[in-house]
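Shown here is one chain on its own, the form predicted on its own, set out as structure tokens.
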């Protein structure tokens, strides 16, 4: 299956969710030809080499001043040209602000539909089946997109990145696209970055607390444990709503989505609104309630009071 992946660059690096998609494709679609669409201005050779390591066999580059910043008209026109030239069966992107804007536009232009914010896909015969959480993540919807070209976006954090990629140098195909005045009706003025002091998205270890922490002062043990593990702290909305901790630490549907290697959840019940933002390689739960919903997600569960367990864990780690 010839698959075209829209490659997104963030902070001068290939965006992590894009690398996660590449890993999912190469491990799930046997014999897939993976093509990366790399658009922008002053594209770097190191990005192309990294894409090759992560399984991309061909990189289609479009290096133009008009593509320095994402704009719907110029990027969708460029992607349409790439689609026409490489003739993919499957077109996919990470469901960032840009991916969620671009891929549905391409689906409409190709008289198709788009599966959005998927967390998994499976192969049945010659068909792709997309898995999308619904009803606050309490159920899973499985859909099949009908059309000559299949379009999809992934939920951020849905797929893990291959930590030890071993691909080869990809073939490079450079193309050019001409833009007219109609393509430039919307112009880039400036980018203003929000001041965010906490970035949990890239954290490899997170120690998070829920209502069971029972007070602002009790976050100190959470911080100490996170520091010992070289990680970050997080919290549920129940904690931020009562101002036990700043909103920037909130994880879940109304906070940040995270995909750490290790997630320690202390005093968290496991409401769907929180768990929708958590995809960890290893989830350790500490809770007094052995019937808490979060136990169903756990790799390891310690049934007990977090205020007793965490100090013991801290001393053992020391």
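Because the structure is a prediction, the values reported are computed rather than measured. Positions refer to the first chain, counted from 1. If you superpose the two forms and keep the largest set of C-alpha atoms that fall within 1.5 Å, you have the rigid core.
Below: the form predicted together with a small molecule, not depicted.
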**Asked** Pick from 170, 212, 99, 231: which has a non-hydrogen atom within 4.5 Å of the small molecule in the predicted complex?
**Response** 212
**Asked** 39, 271, 35, 280: which sits within 4.5 Å of the small molecule in the predicted complex by any heavy atom?
**Response** 271
**Item:** Triplet 68, 94 and 106 all within 4.5 Å of the small molecule in the predicted complex via a heavy atom
**Value:** no
**Complete:** Per contact check vs the small molecule in the predicted complex (non-hydrogen atom within 4.5 angstroms), the hit among 281 to 289, 24 to 32, 45 to 53, 59 to 67 is 281 to 289
**Prompt:** Wondering, does residue 201 line up within 4.5 Å of the small molecule in the predicted complex on heavy atoms?
**Reply:** no
**Message:** I'd like to know whether residue 251 contacts the small molecule in the predicted complex, with contact meaning heavy atoms within 4.5 angstroms.
**Reply:** yes
**Request:** Considering only heavy atoms, tell me if residue 238 and the small molecule come within 4.5 Å of each other in the predicted complex.
**Result:** yes
**Prompt:** Does residue 255 make contact with the small molecule in the predicted complex, using a 4.5 Å heavy atom cut-off?
**Reply:** yes
**Asked** Core aligned, does the CA of residue 219 move at least 2 Å between the shown form and the other one?
**Response** yes
**Asked** Once the two forms are fit on the core, has residue 208 moved its CA by at least 2 Å between the shown form and the other one?
**Response** yes
**Asked** After superposition on the rigid core, does the Cα atom of residue 14 shift by at least 2 Å between the shown form and the other one?
**Response** no
**Request:** Given a change of 3 Å or more, say if the Cα atoms of residue 71 and residue 254 sit closer or farther in the predicted complex than in this form.
**Result:** closer
**Prompt:** If the CA atoms of residue 8 and residue 254 move by 3 Å or more in the predicted complex, do they move toward each other or away, so closer or farther than here?
**Reply:** closer
